[in-house]
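Below, in structure tokens: the form predicted on its own, a single chain.
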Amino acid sequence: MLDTVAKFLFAVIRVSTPLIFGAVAACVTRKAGLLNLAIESMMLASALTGVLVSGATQSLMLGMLAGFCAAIAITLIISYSSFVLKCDLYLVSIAMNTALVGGTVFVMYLCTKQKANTAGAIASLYVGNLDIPLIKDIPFLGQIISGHNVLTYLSFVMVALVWYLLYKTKIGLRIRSVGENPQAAESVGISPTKIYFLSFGMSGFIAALGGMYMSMGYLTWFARDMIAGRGMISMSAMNIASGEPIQATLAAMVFGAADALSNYMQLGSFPSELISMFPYICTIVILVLMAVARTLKATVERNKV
């Protein structure tokens, strides 16, 4: 029984990793007063680029660097279109998500002559797993914590780094001040446009780690639409936490638990359609419950007044 529980919790952490990266990436732009709806496309672009470049160069470092560049290029396109050309940010982001679903397949076909995945067509490199000394030998706890991909551990480090950046550094103070009142921030010499570009760039960097985890950690190849809505689920986790990195991580792990549970449901006699719907149903239910809780809280506070 304990062995089954340990395996399930291990799976929860494993499948939560891209959601954590996506949620933390969304927190950065949320604190700047923006919603980054393009996390899905950033993760897709970095996932494909990392596989192609690492396979072509047989260098993991170059592959990951290319993945970062691909995601940041997406952020620059969106930022320039929205903050310089004054296009609608959300329409541009949604259009980018839609374009990258087909665009990544097109690029994959040009490079590998495959439309489903890159497995067998290109020998991509991948980030390995890490057994933590001492902890790996602890019964039950070692089964849960040790043996994960290096990027999984990096995701939790990233949570701490982003929290420190937002609340303990000068640039974090500027990001939050622009998010709360861009006019007031501009009156003291802070350029909201520069902060918007910076926050989107940071968000793209973090989201790229989530994308590369999917294709160079969780799997060792790129498959069409492999992000499969994780960018939007990450946005939901961020919204539940109101842009707070630590709370967003906890929310992402709740969604990860639903995803892991859906994988276990495949072992039963549940309909495949229900299994594929399960994580998204859980997302909707949790959002509804949070909205009801906030409404009740606001009602109670008004009654006290």
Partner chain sequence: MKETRKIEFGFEIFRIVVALAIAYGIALLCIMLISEDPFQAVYMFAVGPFTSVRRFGQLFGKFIPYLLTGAGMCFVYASNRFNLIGEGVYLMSGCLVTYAAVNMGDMGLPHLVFVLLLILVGALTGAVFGSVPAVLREKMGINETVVSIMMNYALLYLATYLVKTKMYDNSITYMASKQIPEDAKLTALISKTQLHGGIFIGLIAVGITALIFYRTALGYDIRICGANPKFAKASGINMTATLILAQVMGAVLAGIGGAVDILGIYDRYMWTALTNMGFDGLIVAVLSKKNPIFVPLGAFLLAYMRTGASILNYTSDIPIEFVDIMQAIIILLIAAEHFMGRYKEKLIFKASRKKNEGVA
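Quantities reported herein were computed from a predicted structural model and do not represent experimental measurements. What we label the rigid core is the largest C-alpha set whose atoms superpose within 1.5 Å from one form to the other. Numbering follows the first chain given and starts at 1.
The same protein also has a form predicted in complex with its partner chain, omitted here; what follows describes it.
S.K.: Heavy atom to heavy atom, is residue 296 within 4.5 Å of its partner chain in the predicted complex?
M.R.: No, residue 296 is distant from the partner.
S.K.: Is residue 37 close to its partner chain in the predicted complex, meaning a heavy atom pair under 4.5 Å apart or at it?
M.R.: Residue 37: contacts its partner chain in the predicted complex.
S.K.: Does the 4.5 Å heavy atom contact test between residue 102 and its partner chain in the predicted complex come out positive?
M.R.: Heavy-atom contact with its partner chain at 4.5 Å: present for residue 102.
S.K.: Are any of the heavy atoms in residue 276 no more than 4.5 Å from a heavy atom of its partner chain in the predicted complex?
M.R.: Residue 276: yes, in contact with its partner chain in the predicted complex.
S.K.: Considering 146, 81, 149, 118, which brings a non-hydrogen atom within 4.5 Å of its partner chain in the predicted complex?
M.R.: By the 4.5 Å heavy-atom cutoff, the listed residue in contact is 81.
S.K.: So, 87, 229 and 236: all three within 4.5 Å of its partner chain in the predicted complex by heavy atoms, or not?
M.R.: Judged in the predicted complex, 87, 229 and 236 all sit within 4.5 Å of its partner chain.
S.K.: In terms of non-hydrogen atoms within 4.5 angstroms, which of the given stretches 103-111, 150-158, 136-144, 205-213 touches its partner chain in the predicted complex?
M.R.: Going through the listed ranges, the match is 103-111.
S.K.: Core-aligned, does residue 15 move its Cα 2 Å or more between the shown form and the other one?
M.R.: No, its C-alpha moves less than 2 Å.
S.K.: Answer yes if the Cα of residue 68 shifts by 2 angstroms or more between the shown form and the other one on a rigid-core superposition, and no otherwise.
M.R.: No, the C-alpha moves less than 2 Å.
S.K.: In the predicted complex, the Cα separation between residue 280 and residue 242 changes by 3 Å or more relative to the shown form; did it shrink or grow?
M.R.: Pair moves closer in the predicted complex.
S.K.: Specify closer or farther for residue 281 and residue 242: how their Cα atoms are spaced in the predicted complex versus the shown form, given a shift of 3 angstroms or more.
M.R.: Nearer in the predicted complex, by 3 Å or more.
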